[in-house]
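Below you'll find only one chain, the form predicted on its own, shown as structure tokens.
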């Protein structure tokens, strides 16, 4: 980042100056008081300064084109929008609602000021819409500065301290998040190392500096903490959640946090997972551990996010009965109803770990007396690491529309909110790959409205983000970017791991193919390919029983290869290579075909992007073009390694006679 201005010399993503032109050329009235109302005023005033309009504060009624006002009693984040008599009016009862109302008008663009508009109420379906940053304060010898981060260094930390002079960019980041509806951020890694542990106590002032900047746009700050903090920081001999001294330590530490950060959101905890300390060491349950922290946070309306990513990571690969996919359900369903009201159980959307295709976790919908948040991953750990175009909106939408049983969809069952692992770093393009910004935007908008059409949200992001050099070419530009992104998730699935097989990646860094990379490991991530077939038998009748964790009708659907959806077949069943799919193809031919098709689709997308060079900002176009070169190289490697592996394993030739090594 040397030589880069912390705010101005970065890609504006979906908030370019041009997006504010419809507001900036008009006369606006702002009514209300408070820090976020000041933020709204600053946004409008800046637009007017750029484009020649005028903004007034709490003036007498007059001929205004836009009125933004605080009034009424409603949800603090809701707002209404209407247009009558030549005036567009946004009304909100809370300051956040007014801020979101402003960005709603920005999204509408010129259409916000045309004709009549009936009064519409807009409110988020989920109260919490959160990003978890897996950022380390100091550069970790194995994980680097950002664990699973693919967009440069941390936005928040540099050289072991908060960024200081670059906090202006943190403020710009808060603006970016508020513009798509995100309202909470965790600023450090869920794997809390020694340095990061001190953020809770003697380094809380640094968190406060970050929180102050994010708070200008209504973003609440959360902190990942180690369960062993009373021992690591307080010198106690135990972290037993039922120990009175431990309880007192957490109460005192939490009190000091809120003295420094009055609007603090709460704690995120990874406990008894992948070697992290937790209540199991003292014979206590996850509910005991979570409720300890909940008690300390209750006086301040703070929340504990207790992650449900708990499984045996020292599994014997010879053991076919232990199934990592079962773990979260087995651990947590017996605890339903035992968690305090301000505990949110944070559940990964699939039962494994953010693979390109997984079933929805059966834990979601199985704990009616517990607040659950669904956790997704925007940072593309297993989906190309922001070197590949892979827009995840359709995958997330499928999760949010899934019905665990008759009743409400997951979007409504996730009472604790929606969370994503952040894909942002200090890269000038925010997300490393400029088109990966679409994942961040789509996540925020789906968290606001889980049943939204993701393809409409993609259109929305494209219109806001890309301004053609020649206005008459906007349709060609928008169509081209849409063509590159719209089917990119399924393209990635084709050339990597179709039919739900998963995990055929290089160990540790998870980039690129390695079919047997995890096959004989302790991580529980197997495909069980042999000369006769492939897949994991998770049926009740003959397998691990995982399919039985679902309610009807899904338990019945997943139980049999004849009813299981093809896209999840190898996740639930071990089948022969000549097993016939609904398409009429065999499993092995589907493997061959999809891997060849995936590469062809990347080649086609690359050609489309090349054809937009005269319409896209040169720096942005060059970055995407460079990433496409790597994506195509990697896709060809995936194709050749996967096809060759299964040809050699099965002995079945490609029906079309294409080259397989």
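Values in this document were obtained by computation on a predicted structure and should not be read as measured data. Positions refer to the first chain, counted from 1.
The form predicted together with another copy of the chain exists for this protein as well; it is not shown, and the discussion that follows is about that form.
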item: Contact test in the model of the complex: residue 529 vs another copy of the chain, heavy atoms, 4.5 Å; value: yes
item: Exercise: residue 318 in contact with another copy of the chain in the model of the complex, heavy atom 4.5 Å; value: yes
item: Another copy of the chain contact at residue 18 in the model of the complex, heavy atom, 4.5 Å; value: no
item: Contact of residue 607 with another copy of the chain in the model of the complex (heavy atom, 4.5 Å); value: no
item: Stretch in contact, per heavy atom within 4.5 angstroms of another copy of the chain in the model of the complex, of 173 to 181, 296 to 304, 516 to 524, 473 to 481; value: 516 to 524
item: Heavy atom within 4.5 Å of another copy of the chain in the model of the complex - residue from 237, 141, 115, 283; value: 141
item: Heavy atom within 4.5 Å of another copy of the chain in the model of the complex - qualifying residues of 625 to 646; value: 636, 637, 640, 641, 644, 645
